[in-house]
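As structure tokens, one chain now follows by itself in the form predicted alone.
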Amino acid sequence: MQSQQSIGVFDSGVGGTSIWKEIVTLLPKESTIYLADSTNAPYGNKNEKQILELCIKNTEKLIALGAKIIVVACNTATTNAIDYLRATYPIPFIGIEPAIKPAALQSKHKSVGILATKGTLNSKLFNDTAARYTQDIAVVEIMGEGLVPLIEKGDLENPELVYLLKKYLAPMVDARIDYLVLGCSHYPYLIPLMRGLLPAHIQIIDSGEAVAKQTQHVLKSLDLIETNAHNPKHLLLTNGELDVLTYFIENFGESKNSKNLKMQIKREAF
């Protein structure tokens, strides 16, 4: 039965595991397949053609492995390729983009910050969304250059990482933002560091929970939701360093019950 197939998730590395954890938490009966395309990380400094080719590769790998729906757990991939993927492949796709709308609507200071990759900030989808919701809002857009490669190393206490974060957050604090939108699925892993660098009143928004809820909604609407407790399985593949993916799954998943999941984490070329 198609409902017993897996939820496929891909990202330009380990960052999308922040989305994967939200999906597994909300949909505990579902099996999943996760692709960490770490060899090609980051996507944010690639051109649109390169990003599209990588998304096609990942999509076809997930379909071959039996995905019934694909979550593009990467802001850059979503903003540059989601329309093509939806028009080309016969399964539903869930995208992720910066949560500009809730930040703009809730900001009392009328000033929000967006930390994202070059590929996201330069995309048409991002700019169309920003134009729609930030007409009366001061927006501080910062390109988080260098953050993804450091996160991909699995060392979140790296002095260079702290230095870059301080550099990127300083102009946002100066602009008196009250909401910080994270525009990359890698960045939620930096929230503990950010909390120590930002004034307490600044709210940090990432899209993980919203993406999980949208995935649930689409599966239900298409009658693809898994309703039987059939001992779900989770296959996590990386074409990069196996220990890095394992580190992010095992060390950041206690609150998401990852310790109790039936998981297989493997290194594989794709």
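Because the structure is a prediction, the values reported are computed rather than measured. In case it trips you up, residue 1 is the first one in the sequence shown, and so on.
There is also a form predicted in complex with a small molecule; it is not shown, and the following applies to it.
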Exercise. Can you say which of 127-135, 68-76, 84-92, 104-112 gets within 4.5 Å of the small molecule in the predicted bound form, counting heavy atoms only?
Worked result: 68-76
For this session: Could you tell me which one of 177, 181, 190, 148 places a heavy atom within 4.5 Å of the small molecule in the predicted bound form?
Result: 148
Exercise. For residue 44, is any heavy atom within 4.5 Å of the small molecule in the predicted bound form, or not?
Worked result: yes
